[in-house]
Every structure is written in structure tokens, then in C-alpha cells.
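Okay, here we've got a single chain as C-alpha cells, the form predicted alone, with questions on binding and movement later.
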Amino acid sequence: MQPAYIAHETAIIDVGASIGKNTRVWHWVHICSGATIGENCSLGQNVFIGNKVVIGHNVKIQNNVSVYDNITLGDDVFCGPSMVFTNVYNPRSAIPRKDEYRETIVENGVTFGANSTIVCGITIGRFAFVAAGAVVNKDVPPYALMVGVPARQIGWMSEFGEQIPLPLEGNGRYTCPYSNKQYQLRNSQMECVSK
């Protein structure tokens, strides 16, 4: 019986891994037995997926990304080339810390730029946008645009992927000219108010 996903012959998929239909697994990918991966995902060349990993639907993981244990990716997440997740906060080669993995939660629609780094134990809010090369070491609010080392918020991003021209603090409204979705900044928190 054919699997519902498509995998290159060089991919290693351990018995027990759950992979949704129409997911594409490219060259030299390794998926561990405990992983759960949704439908319509794309795992680029040289991707590693650990055991205690949950990946939603329509997730794009570009080349050379490792998704280690205790990481959850929501639907529609984009992981740019060579971006990095961690799962131990203070690693030492001589000290085993497998019982100290910290959980990282990535909500729906988040984008991680190429070579960005996510320090474990945080939550990245829905549709946040982490710029290329940024190092995120604290929780990120929904729709936040994060840049730098360490990452700091410099603005807001729409679900379409364009910067929202509203201040970081205060109140305001904005309609995206590409999608017509409406955004509301209320008490320094952004939300999409369109149905």
C-alpha cells in the first residue's frame, strides 16, 4: 500500500512516524518515530524532525532545519533555510540534560527568516514574523515583527506578509490593501478583526 505522502528515496522515516497526505519529504530528511506531521507540508533537503514534535498542516520547512523534541509548530508556519530551534537552555556536553528540554510553541501562520534562532521555552504568537538572522529569546506577541540580536519588536505584520503601519503602542485600525482584512491595535495588542 502506498503512503499518502511523497518521500524521496534518500529520506529516512522511522516506523511509527505519522505523516499527513500530500506532504512532501525531500532529499536526506530524517523523521523520528514519534513525530506527527500534518497534511500538505514540505520538508526540504537535510531536515531533521525529532520524536516529541508536532507539526500542523501546510507547514514549509526549508533546507537544513532541525526541529528537535518538545517543539510544536501550528498550521501554515514557514521555517526559512538554516533557521535554528533549540530545546536545552544551558547545554553542556558533559552534563546530560534530556530531562530538561523546554517546550517551544509556535502558533499558526508564523514566519521564521533564514538563519534566525529560537531559544527554547517560549511561545511565538500567531502570524508573527521573525526576520532573517534574528535571535528570539522571549515570548513574541501575535503579528509582531521581530529583528536583531537579541530580537526586538519594531512593528506589526499582516497575515499577507506586509508591515502594518501602526505604532507599537496605543490604538488604531488598518485595512490591508492586498487582502482587505482589517486589523485593530487595542491596548498595544494587535488582532485581525475580519471574519
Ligand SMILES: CC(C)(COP(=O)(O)OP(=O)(O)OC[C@H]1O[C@@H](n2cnc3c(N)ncnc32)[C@H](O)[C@@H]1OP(=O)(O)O)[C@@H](O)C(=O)NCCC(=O)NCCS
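Because the structure is predicted, anything quoted here is derived from the model rather than measured. Numbers for residues come from their place in the sequence shown, where the first is 1.
Just so you know, the form predicted in complex with the ligand exists too; it's not on screen, but the next bit is about it.
Shown alone, this chain has one stretch from 145-153, 52-60, 26-34, 65-73 that lies within 4.5 Å of the ligand in the predicted bound form by heavy atoms: 145-153. Contact check for G113: a heavy atom falls within 4.5 Å of the ligand in the predicted bound form. The ligand in the predicted bound form is approached by A132, whose closest heavy atom lies within 4.5 angstroms of it. Taking the partner from elsewhere, F78 is found to have a heavy atom lying within 4.5 Å of the ligand in the predicted bound form. The ligand in the predicted bound form is not approached by Q45, whose heavy atoms all lie more than 4.5 angstroms from it.
Contact annotation for 151-174: residues with any non-hydrogen atom within 4.5 angstroms of the ligand in the predicted bound form are I154, M157, Q163, listed in sequence order.
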